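Given next, in structure tokens, is a single chain: the form predicted on its own.
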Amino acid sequence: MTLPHQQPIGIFDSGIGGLTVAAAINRLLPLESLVYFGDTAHLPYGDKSKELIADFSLQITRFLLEQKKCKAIVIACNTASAAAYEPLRDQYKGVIPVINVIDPMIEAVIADPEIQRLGIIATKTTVSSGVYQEKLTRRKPDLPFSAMATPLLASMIEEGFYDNSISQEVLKTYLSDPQLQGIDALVLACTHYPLIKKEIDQYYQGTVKLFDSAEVVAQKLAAILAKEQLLAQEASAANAFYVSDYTQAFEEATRIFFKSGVKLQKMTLQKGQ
């Protein structure tokens, strides 16, 4: 029987974005084994209803817990974190840790005393949920900020359009919007966006501090696993990668972050899984 601390960590996102978080966890916690689920059949999450995303997230979590016996769940998606974190946390309270990508980012932002004006870019669902706005207003009410939906970015990245002329033009259109003028820090509130972080930094010529969730969430997870005495004590099984629909772009992206031993497995989720 596998000891609890040697069980894998479950990570999920709508597609390739959460791989940025998974890779950061892999670097920080090399003894841990990861089970990653990319819900490619339903991407992008950013234009779906909160109820539908919560349903997808519950199905995936059941798969990760019941079939893959994961010891913790990381919702490596801002949209799913906004829509599904609270119901998942409440359902599995006292059973396993559930970590979202929003709260660690909020903590990182409010801990930085140098920020004078903050920008947030995210999917439509994340922005319309108001989760970043509510948490920032409550925890740092004197910090001016603007939250703007950037709906094309996640789909663009999923299709492999980044670090090229197309992505640069789309980014220029979004980042030049009046809502983001005068900012000195920008939250990349979608786990896809670290893949275009270099381009965003080039647009601002290094004058705007960029916050992405990968390293922040990895550190939060490590702290929680240590507190719960769930850190792996020796190398565990190989990482596993599942998708709800095979795409070549996903496989190519996976190999960028996890260079060897990547074998995609297709898993069709069903209600009541």
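Throughout, we count residues from 1 along the sequence that is shown. Being a predicted model, the structure only gives us computed values, none of them experimental.
Not on display, but discussed next: the form predicted in complex with a small molecule.
S.K.: Does the 4.5 Å heavy atom contact test between Val74 and the small molecule in the predicted complex come out positive?
M.R.: Contact with the small molecule, no.
S.K.: Any chance Asn100 has a heavy atom within 4.5 Å of the small molecule in the predicted complex?
M.R.: Asn100: no contact with the small molecule in the predicted complex.
S.K.: Indicate whether the small molecule has at least one heavy atom within 4.5 Å of a heavy atom of Phe37 in the predicted complex.
M.R.: Although the small molecule is absent here, Phe37 would stay clear of it in the predicted complex, with no heavy atoms inside 4.5 Å.
S.K.: Which of these stretches, 203-211, 237-245, 54-62, 38-46, has heavy atoms within 4.5 Å of the small molecule in the predicted complex?
M.R.: Of the stretches listed, the one contacting the partner is 38-46.
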